[in-house]
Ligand code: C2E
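Take a look at this single chain in C-alpha cells; it is the form predicted on its own.
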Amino acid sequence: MARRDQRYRLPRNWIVIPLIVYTIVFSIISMLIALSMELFSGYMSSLKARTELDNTQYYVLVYDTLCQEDLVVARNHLIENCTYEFFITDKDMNVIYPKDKELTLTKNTDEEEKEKRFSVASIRFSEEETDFEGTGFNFTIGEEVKYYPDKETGYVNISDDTIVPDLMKILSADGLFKDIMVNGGQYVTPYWIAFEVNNGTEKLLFKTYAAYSREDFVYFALYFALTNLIADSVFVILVVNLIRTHKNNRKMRKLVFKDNITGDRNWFWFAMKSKELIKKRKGNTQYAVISLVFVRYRNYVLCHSLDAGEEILRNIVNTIDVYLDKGEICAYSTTSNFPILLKASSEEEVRARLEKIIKSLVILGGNHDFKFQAGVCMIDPKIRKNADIDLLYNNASSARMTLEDSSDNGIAFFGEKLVEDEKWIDKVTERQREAIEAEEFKVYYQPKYDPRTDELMGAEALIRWFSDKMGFVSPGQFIPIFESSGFITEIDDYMIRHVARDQKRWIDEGRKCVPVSVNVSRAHFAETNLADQIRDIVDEEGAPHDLIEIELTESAFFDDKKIMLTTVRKLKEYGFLVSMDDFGSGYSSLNSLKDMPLDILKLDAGFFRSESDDDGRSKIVVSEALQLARKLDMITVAEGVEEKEQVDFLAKEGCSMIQGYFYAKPMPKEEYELRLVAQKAESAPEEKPEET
C-alpha cells in the first residue's frame, strides 16, 4: 500500500530552500571573486615592484661590497650616488643616517597602529609593547614588524624579499595608500623597502614608488566589473528560472488533475483528495466510495457522435455536483465511469441519495433511455488513516459488476458475500489446471428410459468434482466459473475422452452399451474445427461414434449460425448423434429446428416443474412439441421428470425417453454399470437428492 500511496504523491514544489541555497552559493562565489581580486592585485603589484626591487638590490650589493673595504667609503658612495631617499640603522634600529631623522617601530599589524605611532629621538616600541625597552630589540627580518620612517609614507613589512604595494589597498577608500601622486600620466604611491647589510649589522631602507598607469586601473576595474556581472547575472538567471519553474509546476499540477473531456477533475485528483478528506473528517462522519457508470455510453456515441457523448459526460458531472455537499467530491474516469465520495451514515442513506442522483441523470437523456448503475463500498471508520482508495474503489466497482447482466438502473453494495464469492472464483481458477491433470473430475451417468417399457435407452454424462483440497464441489459451484474463464472447453474434451474410454471398456467386457450424451459448451462451438477435435478424441480412445451423443444448448444456435451448421453436419457425417438441450428454456426458435439437422430434441425440465397448471397449458405445449419432433424424425427426451403422472402423460404422447429422478439420479460409473446389466428400471422414483 505504501507504494500505491507514492503513486498519488506529487513532488513538492520547493522554492524557499532552493532560493536560500542559491543565495549561499552566490555569497561563496562573491567571496571567491574577492579573493581572486586580491590575488590579481597582488600579482599586478608584484610585477610593478620588480623593477624597484632590482634597482635597490643593486645599491645593496654595492654597499655590501664596499663595506668589506671601508665602511665610511661605502656610506659616502651610497650618499653621493643613490637616487632614492634612504635610511641606515644599526642592528638595534638606531638611526645612523641621516642623523636628523626619527624612526618608529611596532609589532602589531592592525591598521589602528597608524594612529598610534609616534616619533622619538631613538628607537622605541609602540604603546602596546611596553614590555620591551631601550635597545632590547629581538625581532628579526621576516617577522611581523612595521617601520614608519616618516608620517607621510605607508608602512612596510620587513621580509627576506620585499613588500609589494597592494593595488586593492590603493583603490580602497580605506586603503593605506591614500595619497596617490600623479606623475607623467601615471599614478604613483611611495613605500619603503628594507634590507640587512654589512653582515647583518646594519639595516638599509629605501623609499620607492609604485607606478600604475590608467590602463592598469581600467583592466582591474573591467576584471572586477566582469566577474561581478557574471556572478550577478548567473544568480539573477537562477532566481528567475526558479520562479518561472515554480509557476510552471503549479500550472502542470492543475493539468495533471484536470480531465480534458469534462473539464472537471480526474481520477488522480479524486484519489488524492478523497484520501485527504477521509483522514481529516471530523466526529463520526462516515464516507462511501461509489463507482457510477453510464450504461451503454458507447452505443450512444455510436448512434450520435463523440462530441454529443462528451457533452453528455460534462452534463453528468455538473448534475452530480449539484447533489454534493461540502466535503464530498466527484470526478470523471475512463470512458463512462464517475468515482464519487459521499458522506453517509448507513447504506439506506447512500441508496436514497444515489436514487435521487440517478433519477436526475436519467432525465438528461430526454427521449433517450439513459441507464446508470452504481457500486458502493462503505468505508470502515477504523481504516480512517490507512484508507486505500484504489482498493475501496475496486470494491465498489466489483459490486457494480454484479449488475452487468442487467441493463436497468441499479445500486449494489460491496459486502462479505461478494468477497467470499470472488475468493471462491479465485480458488477454483487457481486449482482447475491441477485438478484436471490429477483427474479429480469424475464422470457421473444419469440413465434415460423408455417410459413405455422402462428399458434403458441411453444416459447423459455429468461432471462431478472431488477435490483433494476442497472436498466435493457441486457443478453449480464451478461450471459457471469455467464458462466465464473459457476453461470449460477443456472440460468438454475431458468428458468426451472419459466417456469414450468407458464405452470402449464396456464393449470390451461384453456389455450392451447405449448412447451417452455429453454436453459441449456454447463457447466450444465457436471453433471451426470442433467436429474434427471430437472425432480425434473418440478415435484415440477407440469408441464407436454412434455411442457418443453431442449435446448443445439451445442458446448456442444464436451465435454464428454458419459455423454451427457446418459443425453439426460434420458431426453427423462422422457418425455422432447431435441433440438440442434445454429446448423451450426461453430461447426457442422454430428456425433452429428447421435449419439444423438434429437427431434428438430434449425438452427443458421447466415444462415439468410448473407450480400451477390448472388449465393444462404446459401439457398442450409439450404435446405439440413432441408431435413436431416426430414429424421431423427426431428422438425426444424429457428432462426433470419426477412424478408418475408425468411419465404416464409422456408415454401416452409418444415421448421417446425420460431422464429424471423418477427413474434415477446421476450416479458413479460403477453403479451405472449395474444398470447396463439390468437394462430395465427396477423401482419407482428414487428419493430426490439435492439438485445439481
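In case it trips you up, residue 1 is the first one in the sequence shown, and so on. Owing to the predicted nature of the structure, the values given are computational and were not obtained by experimental measurement.
Note that the form predicted together with the ligand isn't included here; everything after this is about it.
The partner is absent here, but in the predicted complex a heavy atom of 462, alone among 231, 403, 317, 462, sits within 4.5 Å of the ligand.
Though the partner is left out of this view, residue 519 does reach within 4.5 Å of the ligand in the predicted complex, counting heavy atoms only. Heavy atoms of residue 52 never reach within 4.5 Å of the ligand in the predicted complex, leaving it off the interface. Although the partner is absent here, residue 59 lies well away from the ligand in the predicted complex, with no heavy atom inside 4.5 Å. In the predicted complex, the ligand sits beyond 4.5 Å of every heavy atom of residue 549.
Stretch-level contact check against the ligand in the predicted complex with heavy atoms at 4.5 Å: of 23-31, 634-642, 64-72, 620-628, the positive one is 634-642. If you check the ligand in the predicted complex, you find no heavy atom from any of 451, 454 and 598 within 4.5 Å. Taking the ligand as it sits in the predicted complex, the stretch 469-483 comes within 4.5 angstroms of it through a non-hydrogen atom at 475, 479.
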